[in-house]
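One chain comes next, on its own, written as C-alpha coordinates: the form predicted alone.
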(Lines give C-alpha, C1' and ligand atoms only; values in the text may rest on other atoms or scores of the structure.)
Protein backbone atom coordinates (compact mmCIF):
# COMPACT_ATOMS: atom_id res chain seq x y z
CA UNK A 1 0.00 0.00 0.00
CA UNK A 2 1.28 3.46 -0.85
CA UNK A 3 1.94 5.93 1.93
CA UNK A 4 -0.48 8.83 2.26
CA UNK A 5 1.29 12.12 2.90
CA UNK A 6 0.08 14.73 5.32
CA UNK A 7 -0.17 18.01 3.50
CA UNK A 8 0.93 20.79 5.80
CA UNK A 9 0.97 24.52 5.24
CA UNK A 10 4.73 24.51 4.73
CA UNK A 11 4.32 21.95 1.94
CA UNK A 12 1.64 24.11 0.28
CA UNK A 13 3.93 27.14 0.45
CA UNK A 14 6.93 25.15 -0.80
CA UNK A 15 4.92 23.60 -3.64
CA UNK A 16 4.17 27.07 -4.99
CA UNK A 17 7.78 28.22 -4.72
CA UNK A 18 9.75 24.97 -5.37
CA UNK A 19 8.21 21.55 -5.93
CA UNK A 20 11.48 19.81 -5.08
CA UNK A 21 11.47 21.37 -1.61
CA UNK A 22 7.82 20.30 -1.14
CA UNK A 23 8.78 16.73 -2.01
CA UNK A 24 11.70 16.79 0.48
CA UNK A 25 9.46 18.25 3.21
CA UNK A 26 6.90 15.51 2.64
CA UNK A 27 9.61 12.92 3.42
CA UNK A 28 10.48 14.73 6.67
CA UNK A 29 13.82 15.75 5.23
CA UNK A 30 14.68 18.86 7.19
CA UNK A 31 16.50 21.93 5.95
CA UNK A 32 20.15 22.63 6.70
CA UNK A 33 20.26 23.77 10.33
CA UNK A 34 23.14 26.17 9.75
CA UNK A 35 21.33 28.27 7.16
CA UNK A 36 21.52 31.87 8.47
CA UNK A 37 18.21 32.85 6.87
CA UNK A 38 16.46 30.08 8.79
CA UNK A 39 17.97 31.37 12.04
CA UNK A 40 16.88 34.92 11.23
CA UNK A 41 13.34 33.67 10.65
CA UNK A 42 13.33 31.90 14.03
CA UNK A 43 14.60 35.03 15.77
CA UNK A 44 11.94 37.19 14.13
CA UNK A 45 9.24 34.76 15.30
CA UNK A 46 10.62 34.86 18.85
CA UNK A 47 11.14 38.61 19.10
CA UNK A 48 7.86 39.88 17.69
CA UNK A 49 4.28 39.41 18.87
CA UNK A 50 5.29 38.31 22.36
CA UNK A 51 1.74 38.74 23.73
CA UNK A 52 0.23 36.27 21.27
CA UNK A 53 -0.06 32.49 21.48
CA UNK A 54 2.58 31.09 19.16
CA UNK A 55 3.19 27.76 17.46
CA UNK A 56 -0.29 26.44 18.01
CA UNK A 57 -0.75 22.85 16.79
CA UNK A 58 -4.05 22.22 15.08
CA UNK A 59 -5.22 19.38 12.82
CA UNK A 60 -1.70 18.45 11.71
CA UNK A 61 -0.46 21.98 11.10
CA UNK A 62 1.39 24.58 13.18
CA UNK A 63 -0.10 28.05 13.27
CA UNK A 64 2.56 30.72 13.85
CA UNK A 65 0.29 32.71 16.13
CA UNK A 66 -3.31 33.13 17.15
CA UNK A 67 -5.17 35.88 18.99
CA UNK A 68 -8.74 36.95 19.53
CA UNK A 69 -9.52 40.14 17.61
CA UNK A 70 -13.02 41.68 17.42
CA UNK A 71 -14.47 38.40 18.72
CA UNK A 72 -13.00 36.47 15.80
CA UNK A 73 -9.98 34.18 15.85
CA UNK A 74 -7.05 35.75 14.04
CA UNK A 75 -4.38 33.46 12.63
CA UNK A 76 -1.05 35.06 11.87
CA UNK A 77 1.64 33.77 9.57
CA UNK A 78 5.04 35.38 10.25
CA UNK A 79 7.53 35.73 7.41
CA UNK A 80 10.99 37.21 7.22
CA UNK A 81 10.30 39.00 3.95
CA UNK A 82 7.60 39.54 1.37
CA UNK A 83 9.67 37.78 -1.28
CA UNK A 84 7.24 34.84 -1.58
CA UNK A 85 4.16 36.78 -0.50
CA UNK A 86 1.66 35.00 -2.74
CA UNK A 87 2.82 31.57 -1.60
CA UNK A 88 2.66 32.73 2.04
CA UNK A 89 -0.90 34.00 1.53
CA UNK A 90 -1.90 30.64 0.06
CA UNK A 91 -0.28 28.90 3.05
CA UNK A 92 -2.33 31.09 5.37
CA UNK A 93 -5.51 30.40 3.38
CA UNK A 94 -4.75 26.69 3.74
CA UNK A 95 -4.75 27.17 7.54
CA UNK A 96 -8.02 29.12 7.34
CA UNK A 97 -9.44 26.28 5.23
CA UNK A 98 -8.44 23.71 7.87
CA UNK A 99 -10.16 25.81 10.54
CA UNK A 100 -13.23 26.26 8.31
CA UNK A 101 -13.47 22.48 7.82
CA UNK A 102 -13.54 22.18 11.61
CA UNK A 103 -16.31 24.81 11.89
CA UNK A 104 -14.01 27.48 13.29
CA UNK A 105 -14.47 30.95 11.86
CA UNK A 106 -11.19 32.80 11.52
CA UNK A 107 -9.41 35.49 9.57
CA UNK A 108 -5.77 35.65 8.68
CA UNK A 109 -2.99 38.15 8.73
CA UNK A 110 0.31 37.79 6.95
CA UNK A 111 2.88 39.49 9.18
CA UNK A 112 6.23 40.69 7.90
CA UNK A 113 7.60 42.65 10.88
CA UNK A 114 11.03 43.45 9.48
CA UNK A 115 9.38 45.22 6.54
CA UNK A 116 6.63 46.65 8.77
CA UNK A 117 4.00 45.11 6.48
CA UNK A 118 0.80 43.24 7.21
CA UNK A 119 -1.76 41.82 4.80
CA UNK A 120 -5.28 40.85 5.79
CA UNK A 121 -6.31 37.46 4.43
CA UNK A 122 -9.82 36.04 4.23
CA UNK A 123 -11.02 32.70 2.94
CA UNK A 124 -13.56 33.01 0.12
CA UNK A 125 -15.62 30.32 -1.60
CA UNK A 126 -13.29 30.63 -4.59
CA UNK A 127 -10.33 30.07 -2.24
CA UNK A 128 -11.96 26.92 -0.89
CA UNK A 129 -12.24 25.49 -4.40
CA UNK A 130 -8.67 26.55 -5.21
CA UNK A 131 -7.27 24.95 -2.05
CA UNK A 132 -9.19 21.70 -2.59
CA UNK A 133 -7.93 21.50 -6.17
CA UNK A 134 -4.39 22.40 -5.10
CA UNK A 135 -4.25 19.85 -2.27
CA UNK A 136 -5.42 17.12 -4.67
CA UNK A 137 -2.68 18.17 -7.10
CA UNK A 138 -0.08 18.17 -4.31
CA UNK A 139 -1.22 14.75 -3.05
CA UNK A 140 -0.75 13.27 -6.53
CA UNK A 141 2.64 14.97 -6.88
CA UNK A 142 3.87 13.60 -3.55
CA UNK A 143 3.30 10.00 -4.66
CA UNK A 144 6.22 10.39 -7.02
CA UNK A 145 9.02 8.04 -5.94
CA UNK A 146 11.74 10.57 -6.74
CA UNK A 147 11.91 14.33 -6.34
CA UNK A 148 11.80 16.46 -9.45
CA UNK A 149 15.16 17.51 -10.83
CA UNK A 150 16.49 20.75 -9.32
CA UNK A 151 15.80 23.92 -11.24
CA UNK A 152 17.66 27.13 -10.59
CA UNK A 153 15.14 29.73 -9.48
CA UNK A 154 15.37 33.05 -7.65
CA UNK A 155 14.57 31.42 -4.29
CA UNK A 156 17.61 29.09 -4.49
CA UNK A 157 20.08 31.73 -3.24
CA UNK A 158 18.60 31.81 0.29
CA UNK A 159 17.07 28.33 0.38
CA UNK A 160 17.92 26.13 3.36
CA UNK A 161 17.62 23.08 1.11
CA UNK A 162 20.15 24.17 -1.51
CA UNK A 163 22.63 21.44 -0.49
CA UNK A 164 20.05 18.89 -1.63
CA UNK A 165 20.09 20.46 -5.07
CA UNK A 166 23.45 22.06 -5.70
CA UNK A 167 26.07 20.34 -3.48
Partner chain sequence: MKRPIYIFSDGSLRRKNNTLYFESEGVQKFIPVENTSEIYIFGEVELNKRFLEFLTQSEIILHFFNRYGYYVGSFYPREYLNSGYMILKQAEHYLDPNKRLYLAKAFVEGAYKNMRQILKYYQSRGIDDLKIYIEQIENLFSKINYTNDINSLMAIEGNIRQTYYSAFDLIIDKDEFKFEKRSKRPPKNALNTLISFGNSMMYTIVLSEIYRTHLDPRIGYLHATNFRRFTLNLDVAEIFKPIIVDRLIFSIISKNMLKPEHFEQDLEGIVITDFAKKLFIDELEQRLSTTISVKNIGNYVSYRQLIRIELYKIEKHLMGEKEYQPYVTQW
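In this text, all values refer to a predicted model and were calculated from it rather than measured experimentally. Residue numbers count along the first chain shown, from 1.
What comes next is about the form predicted in complex with the partner chain, which does not appear here.
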property	result
Contact assignment for the partner chain in the predicted bound form, among 125, 133, 28, 103, heavy atom within 4.5 Å	28
Among the candidates 129, 34, 70, 55, the residue which, in the predicted bound form, approaches the partner chain to within 4.5 Å (heavy atoms)	34
8, 19 and 139 all contacting the partner chain in the predicted bound form, non-hydrogen atom within 4.5 Å	no
Touches the partner chain in the predicted bound form: residue 146 (any heavy atom, 4.5 Å)	yes
Interface membership of residue 39, the partner chain in the predicted bound form, 4.5 Å heavy atom rule	yes
Contact label in the predicted bound form: residue 154 to the partner chain, heavy atom within 4.5 Å	no
Contact test in the predicted bound form: residue 24 vs the partner chain, heavy atoms, 4.5 Å	yes
